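Quick heads-up: it's one chain on its own, the form predicted alone, in structure tokens.
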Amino acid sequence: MWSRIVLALAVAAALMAHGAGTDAAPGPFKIAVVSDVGGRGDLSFNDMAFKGGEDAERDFGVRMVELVSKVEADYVPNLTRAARDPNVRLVVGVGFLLSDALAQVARRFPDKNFVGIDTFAQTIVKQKFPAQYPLPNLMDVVYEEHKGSALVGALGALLAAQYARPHIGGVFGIEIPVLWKFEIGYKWGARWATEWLAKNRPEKAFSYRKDFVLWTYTGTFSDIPKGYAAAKAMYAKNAVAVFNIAGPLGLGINQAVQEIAQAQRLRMGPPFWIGVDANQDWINPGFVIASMMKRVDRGVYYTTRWVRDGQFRDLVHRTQGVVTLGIGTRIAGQLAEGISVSTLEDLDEFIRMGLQAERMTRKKVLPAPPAEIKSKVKTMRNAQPRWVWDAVAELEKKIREAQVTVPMVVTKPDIERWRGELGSRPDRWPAMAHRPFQP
């Protein structure tokens, strides 16, 4: 009899261990979202991640636990605290800064599932703990930024044709391989647009030149005055739009636009700027022509669904722990996209996010009432010729259907080769004197 009891206990323990160790356990569960130091109210990566958790709560009946990191030293304790919650089945780390912490904590809690948004945690595991690679409970969600950048590069070139401007611009942060994807995608899209113009709008057409895209790496993701200085020089050379690929430096780009608008009493662009990651069209309605969006919220939403459906660890096994969301991407047989150009419908979501940030921070965030913001953005978009938007939509369709291939550049030899084809070194055009940044 005792032998049967011992056997039954052993089987029960094995089943419990199996249930805790995989994502197949039925019933409601909790997810934990750990922010980076940007925290709640950043209107970008972190707020979008929490939005994805809220969407998952609504659609999947899960409960989200929010853990906000004040400093980088909070990452490991917050991830650990989340993993120790017996009801948390998915721990989300938001942003590449959490990569090392995710690799560290996921190894300590093999029974919990971990996902990093825009992280490289599995690469760290491969380098430091090759015998454990790929870690079966860890997934990195990354994005096809090169394809989204191609779309806004095309948009910029089409606007240059419409307004007879000689340049578009790009302000980059620190020069790291992931930003090469943005750079070459942006230039490639601009060249595609010049070819589209030659076929469809010959009266507006111009030949792509290697100096058509003005671009510079500022070496920072936080020094806003450097974004201002770089953009100011580009607008002085008559760039019709400048793409922000440096996070908060977009505020510096925006100031450069505001100064021009005030001096010339403009109610809308040109000049324009182009937002990144989130829908930033609301920041200066009428002057942000569009944003290249990385849908962090969808990364959280999809991975929650995969855990709920018992697919998470199988996907980790099949992908070696790296899942890519982009345009037309399918995961486990279902459409799972994460890159798009902003729309008026997106704007509603982000205005609501701004209102929520105002309530949480007790600070004014939105520059105008929501109805006024949306009206200005709609007026600006409608003021552009229909063929501009149609051409961008055509490129998106071609990318989605694999009729064209946007180069994804992540190596030194490739970046040098593509720069040789699409654009010269940024130090070949001089910066100009500028006014100090006014925060």
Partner chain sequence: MRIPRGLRPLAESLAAVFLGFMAGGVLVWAFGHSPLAVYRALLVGAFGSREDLLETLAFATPLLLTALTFAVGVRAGLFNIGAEGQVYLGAVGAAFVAGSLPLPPGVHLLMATLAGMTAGALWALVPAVLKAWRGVHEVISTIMCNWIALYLSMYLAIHFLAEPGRAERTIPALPTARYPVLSEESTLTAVLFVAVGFALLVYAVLWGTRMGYELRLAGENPDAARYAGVRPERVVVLSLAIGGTAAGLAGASQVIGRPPAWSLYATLGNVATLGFDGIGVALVGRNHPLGAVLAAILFGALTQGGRLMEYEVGVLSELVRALNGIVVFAMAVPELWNLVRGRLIR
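Since this is a predicted model, take the numbers as computed values, not measurements. Positions refer to the first chain, counted from 1.
Note that the form predicted in complex with the partner chain isn't included here; everything after this is about it.
Undergrad: Since the partner isn't included here, can you check whether the partner chain sits close to all of 289, 336 and 351 in the model of the complex (heavy atom within 4.5 Å for each)?
TA: Not a single listed residue reaches the partner chain in the model of the complex, so no.
Undergrad: Mind telling me which stretch in 327 to 335, 252 to 260, 142 to 150, 170 to 178 gets its heavy atoms within 4.5 Å of the partner chain in the model of the complex?
TA: Looking at the other structure, the answer is 170 to 178.
Undergrad: So, in the model of the complex, is residue 124 in contact with the partner chain at a 4.5 angstroms heavy atom limit?
TA: Yes, contact at 4.5 Å.
Undergrad: Counting only non-hydrogen atoms and a 4.5 angstroms cut-off, does residue 101 reach the partner chain in the model of the complex?
TA: Contact with the partner chain, yes.
Undergrad: Find out whether any non-hydrogen atom of residue 128 is located within 4.5 angstroms of the partner chain in the model of the complex, and reply yes or no.
TA: Yes, residue 128 sits close enough to the partner chain in the model of the complex that at least one of its heavy atoms falls within 4.5 Å.
Undergrad: Tell me, yes or no, whether residue 66 is in contact with the partner chain in the model of the complex, where a contact means a heavy atom of each within 4.5 Å.
TA: It does: once the partner chain is placed as it appears in the model of the complex, residue 66 has a heavy atom within 4.5 Å of it.
Undergrad: From the list 386, 58, 70, 378, which entry has a heavy atom within 4.5 Å of the partner chain in the model of the complex?
TA: Only one listed residue qualifies here, and that residue is 70.
Undergrad: With the partner chain left out of view, choose which of 345, 85, 211, 309 has a non-hydrogen atom within 4.5 angstroms of it in the model of the complex.
TA: The option sitting close enough to the partner is 85.
Undergrad: Sequence order please: the residues of 245 to 268 with a heavy atom within 4.5 Å of the partner chain in the model of the complex.
TA: Not one residue comes within 4.5 Å of the partner.
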